[in-house]
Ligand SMILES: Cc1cc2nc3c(=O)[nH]c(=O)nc-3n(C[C@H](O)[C@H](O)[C@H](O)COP(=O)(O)OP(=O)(O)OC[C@H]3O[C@@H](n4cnc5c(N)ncnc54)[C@H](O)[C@@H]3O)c2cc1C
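A single chain, nothing else alongside it, follows as structure tokens in the form predicted on its own.
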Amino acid sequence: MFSTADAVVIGAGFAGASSAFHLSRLGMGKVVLLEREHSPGLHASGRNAALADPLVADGVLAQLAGEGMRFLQEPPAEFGDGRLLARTGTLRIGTRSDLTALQTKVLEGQGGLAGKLHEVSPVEAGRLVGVLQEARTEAGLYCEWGGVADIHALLRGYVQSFISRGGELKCHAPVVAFRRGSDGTFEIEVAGGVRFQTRAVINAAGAWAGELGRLAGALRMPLTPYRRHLFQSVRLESVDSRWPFVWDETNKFYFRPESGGLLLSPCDGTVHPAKEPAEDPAARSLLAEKLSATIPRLAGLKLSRGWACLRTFAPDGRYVIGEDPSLEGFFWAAGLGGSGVLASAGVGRLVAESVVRSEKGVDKMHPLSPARFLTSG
């Protein structure tokens, strides 16, 4: 079986679904979105804490975070009337020096946040979030702009809008082979023998992006998947669903209200191969240690369940977006490091614009371009 397309996007998580969505909005002809699993978003895009956190220290990534916040607050009409963002606010806690450093970097990248950031004392932090009373922290930084995203509605909106414009979603379609024709087109073979021919391939395969790039013969990209855990606590009478999510900038853990209890992460990160991650019992112990040391009221917190997902990073912590400098027509949408909830709207736009203007050549000067790794490739 053989099919042609103007563009093929591989991976239907946030990066891939947004890229397909933006390509369709820009009038790209036939776009096919391939997903290895039985439905989109079964890995990092569907297993994250749904944090819409605008406090991004990297100035380049901060611009995409701001774009993502605006998208979540005012999504396109075609996404329907459902809310994509619950504006709970965000509360960072930690040492004064850590919070001051964060605030300085954030405002350098997003000066518009100045009126939305408020320094709070430990006592005020305890009033905002009851379990922080008696917490061992020096200061707090509250941002009224952040909140919790509806990750399923966001992903569904990208995919359904893309399909409504004639796009095709193919699930159960892991890529098994690439071939490059003499005319510069790609032939992509998926499991079962189905093949697609296209001039533009977008690699949005998440933790598998590095492997996919090597399969295609692209620049060897230094992408590394890391395992991180999330845990759900038992129900707690003291939890208020209106609390902002709390991130400890110094001790590195976070939590937010969820299902009558708390959703928490110890912010762990261990290198892991690109495959389904199992829960590591050590992560529960790490979370317990951090909570006991910082928040006495959460010492001995009982957890009802836990799970792990993979977050993929480039060495400099920045995304890898744009055309491969050594393989014309092959585009990267990778290395989002678990920030796809907020970054996806801007990432998809950048990818789509890169595909549309590809005849003008690779923009090697863009700070997110994969060309920055030429010297290490």
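The first residue of the sequence shown is number 1, and the count goes up from there. From a predicted model like this one, the values you see are computed outputs, not experimental measurements.
There is also a form predicted together with the ligand; it is not shown, and the following applies to it.
- The putative spot formed by 8, 213 and 330 is not touched by the ligand in the model of the complex; no residue has a non-hydrogen atom within 4.5 angstroms of it.
- Taking non-hydrogen atoms only, residue 14 approaches the ligand to within 4.5 angstroms in the model of the complex.
- The closest heavy atom approach of residue 314 to the ligand in the model of the complex falls outside 4.5 Å.
- Remark: residue 348 does not count among the residues lining the ligand in the model of the complex, judged by a heavy atom distance of 4.5 Å or less.
- In the model of the complex, the ligand sits within 4.5 Å of a heavy atom of residue 174.
- Segments offered: 348-356, 62-70, 38-46, 322-330. Contacting the ligand in the model of the complex at heavy atom distances within 4.5 Å is 38-46.
- Shown without its partner, the chain has 50, 51 in segment 50-69 as residues with a non-hydrogen atom within 4.5 angstroms of the ligand in the model of the complex.
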